[in-house]
Every structure is written in C-alpha cells, then in structure tokens.
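Starting off, we have a lone chain in the form predicted on its own, written out as structure tokens.
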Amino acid sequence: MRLRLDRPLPAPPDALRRGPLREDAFSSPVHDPTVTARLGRWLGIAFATCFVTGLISHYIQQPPSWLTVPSRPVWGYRVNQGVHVATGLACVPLLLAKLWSVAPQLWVWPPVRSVLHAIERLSILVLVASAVFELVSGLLNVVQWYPWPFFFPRTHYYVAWVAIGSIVLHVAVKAPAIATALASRPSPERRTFLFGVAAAVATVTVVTVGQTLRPLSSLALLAPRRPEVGPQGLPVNRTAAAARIDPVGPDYRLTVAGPRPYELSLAELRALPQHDAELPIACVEGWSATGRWRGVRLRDLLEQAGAPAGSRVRVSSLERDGLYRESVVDAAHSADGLTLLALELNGAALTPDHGSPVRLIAPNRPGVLQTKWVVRVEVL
C-alpha cells in the first residue's frame, strides 16, 4: 500500500487563522527569493568562516595526538579567535533577517504535503535549530554565562558539524532556485532592506570587535571585555578568589620533574636569568590583549632537569579543581624561547589575579591553557 500525503488538506479553521496563519500575515515585499538568496549568500560566507575558525580554535585548544600546533606566529590564535567570534556575532542579524525573509514558507498550509516534503521540512528544522543553538550558545559563552549542564566546547563543536552539514545539504537541494534568484535584480524596497541588514552587521561588528582589534577598542560599547581594562592593564577571566587560591608563603616551591628533578624557591626563580616577551593573552570569548612579560624560559628549566629539547610538559596549578588547572605544553612551545614561566607583567610583579607568583605564558596559545599559579612542571 502506497503512502500518499499529497492529497489536499482542508483549510485551517477560522480559530487558527491567527498570527502567522492569517492569509495576509506576510505582506511585506522582503518575503522574496531575491532577498532570501542574497541573505543566504552572506550568511553562508559568515557561517563557513565561523565554522573553519571554530575548528582551528577547537584543535588548538584540544589538539589530537596527530596534530602539532606551531608556536608561531605568536598572534595566530588571537586573530583566529577574534575572527571566529566576530563572524559569529555577524551571523546573528543575518540569520534573523533570513528567517524573516522566508517566514511565509515556514508557515505554509498544509504543513506537510508528501513524504518528500516532510523530509525537506525536517531538514530545515534541523538546519534552523542547529544554527540557532550555535549562535545562542556562542553568544552566551562570550559573556561567560553557562545556564546548561553540558560541557560547552564539546557540544558546540559537535552541533557545528550538524549545522554545516545541514547548510551544505540545503544549498545543494536549493541550488537551481538560488541561482535563479541571484540572477534577478531586487526591487528598490528590497535593496533598502538588504542595505539595512548590512548596516546592522557592520554596527554589531564595530561595537564588539574592539575587544580584539585595539584601534577600535574605544568603540567596543557592547564588547564584554575592554582589552586595556583590568589589573596591570590586562583583563582577567578567573580571579584568584574564584579559583580559591591562598596567598603564597615563603614555603612556596616550584617542582620541575624530569630525569634530574629539582625544586626552586621563589627567590631562586628570581635569581635565574630573566627574559622578556611581548605576547598576547587571547581567550575563547574573543577578547585579547598584549602584555610585556618577564620570567624564566621554560626550555632552560627543562635543560637543567636533563630533559631532551622539545619535550612535552605538563604544567600544574595551585588551583585545587577546575577544568584547566593543568595544561600540556607540546614540543614546539616548550622549545620556543618565548615560552616563559612569568614572574612579572608590564614591569611589575604578577598580581594574584594574573597568576602570582608564577604563571605560564606561551605564543600562539589559548588563554585557558596559559596556566596560572604554577606549582609543578613535569616532563612527560
């Protein structure tokens, strides 16, 4: 027996002729394929850029065993994450505008006309749901509010694959209609709408990107971080109080565990040759700021412990718990002369919120992996 869902369904009863089901609910001229196709092109470019930079960010923060993350350029992660967050924010007005342009198709009657139509509608539901989830969860991550029980980076990563797969499938199915719509010139009213959307995207970018792009920092009215605001001229995500770090006393020792393990007091650390590095702190939320760091090179400590050049190292914090109380420094970073166990920032001893007495700072590395309150360095 063949299943047929393409027979005409009765019109909705008058009681349902409300809101989007009204016959005249969508009379705006912007509900038009020429508008939808152009918005879709802009949104596709922005989402693809956000997806690629998100993959790079994910693999830098959680590198698989087969991947070697380079330590240069020192600003690589900073630029990548800044672009990722900026394009993600730009996607918000673009997605809202595109959903508005296709609103009549989302509320057609009957809602399902055939099995094929049902599959198409389901694919659009997955597309919209995954895209909205990515943008909303990413936006909440930017402001560091996590009202959910799941681990954000992992879930955000997997749903991103669902979203990009849905987008590719949707574009493939709609390719002929998209090409026809792009070949048509939109009316003046529709061009005005498109110009308004472009202006909204530009405004969102200008008032937020200053948290990464220093020349625009004075315009970053909606950015959750200002790159120059914070103790010692740099922002702080996790304070010493939030990490429950007790003040360090005279009994502090840095343990270097290698073939020839040893310990150093704070005075002994300060007596070692000190080196300077101008490096950014770049966080997953999209903000970044450059500091002048001074401390002991990690490779010098490893050499004294008898570790081979370019050894992988685990750096542990005084922090008792937390997802990032430890981090692994790979070979490229441990061998780089810019990777320091820093004692000073911008000409002064580290404050507790910046990781006093000792913190890790390395080039081209996410802020969450720049371990603060370091107490142990272990050769793996």
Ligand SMILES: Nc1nc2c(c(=O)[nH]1)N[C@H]1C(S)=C(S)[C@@H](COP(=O)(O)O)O[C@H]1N2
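Counting begins at 1, following the sequence as shown. Treat the numbers as computed from the prediction; the structure is a model and nothing was measured.
The following text describes the form predicted in complex with the named molecule, which does not appear among the structures shown.
Proximity to the named molecule in the predicted complex, taken as heavy atoms within 4.5 Å, picks out 321-329 from the listed stretches 321-329, 65-73, 28-36, 336-344. None of the heavy atoms of residue 311 is located within 4.5 Å of the named molecule in the predicted complex. For residue 77, no non-hydrogen atom is located within 4.5 Å of the named molecule in the predicted complex, even though that partner is not displayed.
Contact check for residue 190: every heavy atom lies farther than 4.5 Å from the named molecule in the predicted complex. With a 4.5 Å cutoff on heavy atoms, residue 238 counts as touching the named molecule in the predicted complex. Comment: the named molecule is not present in this chain, but in the predicted complex one of 85, 163, 197, 281 has a heavy atom within 4.5 Å of it, namely 281.
Interface residues of 344-380, taken as those with a heavy atom within 4.5 Å of the named molecule in the predicted complex (partner not displayed): 353, 354, 359, 367, 368, 370, 371, 372, 373, in sequence order.
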